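Encoded as structure tokens, the following chain is the form predicted on its own, with no partner shown.
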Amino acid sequence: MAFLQTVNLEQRAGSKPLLKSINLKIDKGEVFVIIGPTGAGKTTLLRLLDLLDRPYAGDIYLDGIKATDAGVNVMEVRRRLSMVFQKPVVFNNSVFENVAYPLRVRGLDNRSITSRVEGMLEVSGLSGYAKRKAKTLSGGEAQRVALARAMIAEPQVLFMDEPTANLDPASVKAIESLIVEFNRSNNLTVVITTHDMQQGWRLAHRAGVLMQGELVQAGQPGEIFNAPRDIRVAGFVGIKNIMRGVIAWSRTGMAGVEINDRIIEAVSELPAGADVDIYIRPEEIVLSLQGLQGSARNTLAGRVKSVRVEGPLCTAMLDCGFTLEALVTARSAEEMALSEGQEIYASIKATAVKVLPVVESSI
């Protein structure tokens, strides 16, 4: 069993479902990042994992303990967990006392408290802040205080809910560096929610995508960002050229997808008649003034709708019976003299067309 695990976890607000059938496995010492748009249920899930709220249905296991069991002392389990919220929570006293609070609650003597707090302030880059009023700190400094207070109790799992939202880049870098340091030095399990995809890429050992209360994909960051298995994930991570179509024909691992009376050939085992979503990365589209002869199965005649040059790259919007966005080098665009209204050919390999079955959300 994984160190932290959920089984068919569900949550509701009255009759409204917020989370449905969340099955999650997080290993000891792993940084797991939950990404998703605002309103996807990320905070709701984190509050359940931290045992702040009870689920409508399902179970949560921590290190083999069924934390949702009626006979379990929840407070004893929660002593192994810490939470840092999006908006830094600091008390109206000194930075030292803010960080010392969990140790005082646990009844440690003053000498031990002083030693441990001074060490934590040094690790957190707050050595000169001990006597400062926590309420007078900047957002980034206050978040470091909140993180130091969460870590002083030596938790086994650290939960962080959008910890760097609205912080300046320097503060974001400082917080992320601390997360990495605590994870590596303490073998700390870290679970973070964020809508910042780049932060997920930087920090995650693995990531999960939460959409409309459902965990739609989990895996290595590269899998999620480069090969999404759900069209909602593809849209969220910024993949372009997402279209709805139907399989017109299917044979020996190949399929023809009909979109607006045009056929795009793709690698797919889905049967004829199946409704599908497809996506094509802009950099996978090759433009030419005449149709290319080569391995590309798809050569679509179209017209340039717009051209935008940004440094060494050029984005061209095409009308090929449907809109396509192509990404080429600025040099290639100049050589072809790409301009609005120009006739153009877009060549696409069958392997570049990603075909996914249509999945309707149940929430």
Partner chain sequence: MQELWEALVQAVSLIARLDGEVIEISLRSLYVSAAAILIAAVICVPIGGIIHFHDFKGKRVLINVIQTFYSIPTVVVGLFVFLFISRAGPLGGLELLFTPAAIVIGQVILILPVLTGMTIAALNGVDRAVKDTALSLGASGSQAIWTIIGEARFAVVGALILGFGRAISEVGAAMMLGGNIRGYTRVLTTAISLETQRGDLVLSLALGIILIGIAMVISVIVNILLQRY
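Since the model is a prediction, treat every value here as computed from it, not as a measurement. Numbering follows the first chain given and starts at 1.
One more form of this protein should be noted, the form predicted in complex with its partner chain, which is absent from this view; the next part is about it.
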{"query": "Interface membership of Pro102, its partner chain in the predicted complex, 4.5 Å heavy atom rule", "finding": "yes"}
{"query": "Contact label in the predicted complex: Asp50 to its partner chain, heavy atom within 4.5 Å", "finding": "yes"}
{"query": "Partner proximity in the predicted complex: Arg116 to its partner chain, non-hydrogen atom cutoff 4.5 Å", "finding": "no"}
{"query": "Contact of Arg184 with its partner chain in the predicted complex (heavy atom, 4.5 Å)", "finding": "no"}
{"query": "Residues Gln5, Arg12 and Leu62 all lining its partner chain in the predicted complex, heavy atom within 4.5 Å", "finding": "no"}
{"query": "Position in contact with its partner chain when the complex is considered in the predicted complex, options Leu215, Met83, Val191, Ile175, heavy atoms within 4.5 Å", "finding": "Met83"}
{"query": "Heavy atom within 4.5 Å of its partner chain in the predicted complex - residue from Lys240, Arg206, Arg262, Arg78", "finding": "Arg78"}
{"query": "Answer range among 268-276, 91-99, 164-172, 124-132 for contact with its partner chain, defined in the predicted complex as heavy atoms within 4.5 Å", "finding": "91-99"}
{"query": "Sequence-ordered residues of 226-253 touching its partner chain in the predicted complex, heavy atom within 4.5 Å", "finding": "none"}
